[in-house]
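Take a look at this single chain in structure tokens; it is the form predicted alone.
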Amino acid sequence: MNLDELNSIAKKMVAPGKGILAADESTGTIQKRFDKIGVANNEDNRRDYREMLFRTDTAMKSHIGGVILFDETIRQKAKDGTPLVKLIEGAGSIPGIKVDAGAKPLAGSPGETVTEGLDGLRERLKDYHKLGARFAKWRAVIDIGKDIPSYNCINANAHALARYAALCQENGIVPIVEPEVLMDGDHDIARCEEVTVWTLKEVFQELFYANVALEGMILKPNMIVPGMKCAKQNSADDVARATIRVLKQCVPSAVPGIAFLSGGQSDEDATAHLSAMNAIGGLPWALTFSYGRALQAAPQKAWSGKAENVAAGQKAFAHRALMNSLAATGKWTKTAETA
């Protein structure tokens, strides 16, 4: 492991004003996105859609530090034969890869899941490195409900995240460690804070046991928000202060950057919350975005699978990338959305 190289990659991914585009939707997940815009879910359409994003120069060169890819995408070529990885690299961004095999039911813990995919991961990472990936992502899912989460669920997922992260670093790949406490349900913001603190403390303990170098990783956590069904939805300031309070308790300053997931928030809420955190400032880590739907919903709708709409799709993507770039420096305003 070359820690200097891993640290350099991690810092480039979260450079000032830059964040990460999560374009790693599985074939099943992108089916749901395409169904909403009436687009057939086939390989050509998936390629054309992602090529449209990766060729959006204003967004990719100025606001996107890294792109998380799906296995199919990292192997695909654009219509003109250029590998999609080369489009990303040509824009000065870093290609990454989703390597987990998804959340599966956790034995002995009804209603809870553990993320699988460790079997054969060392060999897959070697292959992905040859294909150009310099970082990877593994998502653990923690649900809040009656009598959950359990210690069994949090511990099992934290342990798997640590084993994954150690294998990534062994193979010259920066791990994005993603423990997501879901915002489904009717729990309040205090319950989200309690569960997220518990989760992050377990994750960093397991990372320590696995000898993961914190300087060579990125954390991708949820923000501290109430459940979507909670009667009280807190202000951006409440979310920012609660999230920073949790990070200060749980995340060592050696971690170069924290790139939040949007987790079902609206485009504008995800941007507003991030900006409010950065406006507070004085933090030891870069705070930025690693959004999927919150960066892509608008360009997907504008594109709608039609070649004549590519420019409109790119314009929508460039706008959302710019808004989140402003948020990553604490300079987003509501008026900027319509400027």
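Residue positions are given as counts along the sequence shown, with the first one as 1. Bear in mind that the values here come from a model prediction, so they are computed numbers and not experimental data.
Same protein, other form: the form predicted together with 1,3-dihydroxyacetonephosphate, not shown, and the subject of what follows.
The candidate spot formed by 11, 18 and 62 lies out of contact with 1,3-dihydroxyacetonephosphate in the predicted complex, as no residue has a heavy atom within 4.5 Å of it.
Though the partner is left out of this view, residue 271 does not reach within 4.5 Å of 1,3-dihydroxyacetonephosphate in the predicted complex, counting heavy atoms only. Taking the partner from the other structure, 1,3-dihydroxyacetonephosphate in the predicted complex has a heavy atom within 4.5 Å of a heavy atom of residue 292. Shown alone here, residue 93 lies farther than 4.5 Å from 1,3-dihydroxyacetonephosphate in the predicted complex, counting heavy atoms only. Contact check for residue 261: a non-hydrogen atom falls within 4.5 Å of 1,3-dihydroxyacetonephosphate in the predicted complex. Think of it this way: in the predicted complex, 1,3-dihydroxyacetonephosphate has a heavy atom of just one of 267, 112, 178, 206 within 4.5 Å, and the residue is 178. Here the chain stands by itself, but in the predicted complex one stretch of 135-143, 242-250, 229-237, 79-87, 135-143, has heavy atoms within 4.5 Å of 1,3-dihydroxyacetonephosphate. Residues of 217-247 placing a heavy atom within 4.5 Å of 1,3-dihydroxyacetonephosphate in the predicted complex: 220 alone.
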